[in-house]
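We begin with a single chain expressed as structure tokens, specifically the form predicted alone.
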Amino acid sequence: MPSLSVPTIILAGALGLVALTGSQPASAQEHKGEQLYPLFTYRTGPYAPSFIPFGAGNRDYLRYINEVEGGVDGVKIFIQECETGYTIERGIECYERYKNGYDGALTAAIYPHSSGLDVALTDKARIDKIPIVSPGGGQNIATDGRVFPYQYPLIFDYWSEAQIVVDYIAHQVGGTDKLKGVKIATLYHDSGYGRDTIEPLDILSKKFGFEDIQIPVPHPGEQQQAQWQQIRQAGADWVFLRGWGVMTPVAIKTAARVGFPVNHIIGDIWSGSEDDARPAGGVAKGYLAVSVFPPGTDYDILKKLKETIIDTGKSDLKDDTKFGTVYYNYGVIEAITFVEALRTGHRKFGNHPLTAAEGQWALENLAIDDQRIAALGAKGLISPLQTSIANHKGETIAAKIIQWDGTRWDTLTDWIKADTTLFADVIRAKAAAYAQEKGLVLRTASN
């Protein structure tokens, strides 16, 4: 997820107890034999509406694994919440608190839930040898696991997103050969997250001949009249909206005021939730977005969660209308990657809580194929995921395009696959430069 700074406090919780406490546990080994899942939260601050359904989906799936399936191969998962308020400083405090486990439970990996925190933890994770996992929001350069042994930008990245957006626009105009002269404006959150697509779009514009227009929006994005006037004056044909929080509905409403067609605005994965479109009201109808976390409840695993967790009153979700929304499903998908990593590690190391070293091995040997996805009841919810030492992101990078119908999202496309070879040389060169700067030795299967 994107990263910003807002005030917060530290909170801690446990699965099943939802306890918020700053005190020490009664026993330092009370949860020995369990796998720790440090859940970095932001239930406070302006981005809480995004986390609340995400956190619920995350916890609900892990509760299902614990209570319905009896754990992961018999190993229970112990959740400890740590409130970051979406700040890097608080996020680092949470990392330090749980990097070595907690109350006897071992840490196999940490999901920071912030692109900025992911970057900030790069050197710490390498020194501490703790896997950092950022599904959909990690550093693209960290795809190269030879240089970044402990960073895992699983499932998706912003460079691939830029390619998928251009690919979708190409289909609308009649092919990539028709992109020449098309004007694509990127309205981006002026942060590291927002700026991350500038370079790939420059590469793509030179390759296909479209005009690349880059327009920043200062945080939090509550005023955008000048930017949308600039878009209109430039004669942009399409807008790639890379927002976060309030910036997205403000963008949609401002676009309507200046007369820009909403069905030519394609939102980033963090600008494509129900809470991004609904506050814009009727003018949002027709708005498009990239989706790595498809909404809906017509997935077998969602039906199981409804029956065993939601309907039995065990869910962390207080508003049932959020069930099956983009962010709820994102929470489920992330929890699936964690659980499947544990299963992968168990097959090699045995059915016991994984250490960070074992978690590292598991994360770069993930193999969630179509058959496994079907067995999980997640067909259509997630795309195949195959990692390796050389590829910490996954061999298949894909997303869907969804459209807001005024009340809900409709899925317009099947999975659109990114060409993972397109930026491969650039990414490897960047990783090699980073390795040289840091004096790192490239990893191989043997070392």
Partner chain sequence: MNFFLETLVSGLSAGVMYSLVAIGFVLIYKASGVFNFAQGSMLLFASLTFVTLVEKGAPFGVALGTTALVMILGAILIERLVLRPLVNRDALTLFMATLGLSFVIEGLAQLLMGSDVHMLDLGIDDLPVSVGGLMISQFDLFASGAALALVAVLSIVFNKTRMGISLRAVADDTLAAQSIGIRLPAIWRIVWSVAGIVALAAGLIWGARQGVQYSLSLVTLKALPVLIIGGFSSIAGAIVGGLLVGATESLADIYIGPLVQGSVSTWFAYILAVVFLLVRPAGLFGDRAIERV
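Positions refer to the first chain, counted from 1. Given the structure is predicted, the values throughout are model-derived calculations rather than measurements.
Only in words, not in the display: the form predicted together with the partner chain, which the text now covers.
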Check all three, V217, R232 and P279, heavy atom within 4.5 Å of the partner chain in the predicted bound form = yes
Consider the chain as shown here, without its partner, and state which of L412, A48, A398, L422 has a heavy atom within 4.5 Å of the partner chain in the predicted bound form.
-> A48
In the predicted bound form, the residue from H346, R146, K76, K322 with a non-hydrogen atom within 4.5 Å of the partner chain is K322
In contact with the partner chain in the predicted bound form (heavy atoms, 4.5 Å), from 383-391, 65-73, 28-36, 49-57, is stretch 49-57
Applying a 4.5 Å heavy atom distance criterion, does Q223 contact the partner chain in the predicted bound form?
-> yes
4.5 Å heavy atom contact, R43 to the partner chain in the predicted bound form = yes
Closest heavy atom of R257 to the partner chain in the predicted bound form, within 4.5 Å or not?
-> yes
Hey, in the predicted bound form, is Q227 touching the partner chain, heavy atoms inside 4.5 Å?
-> yes
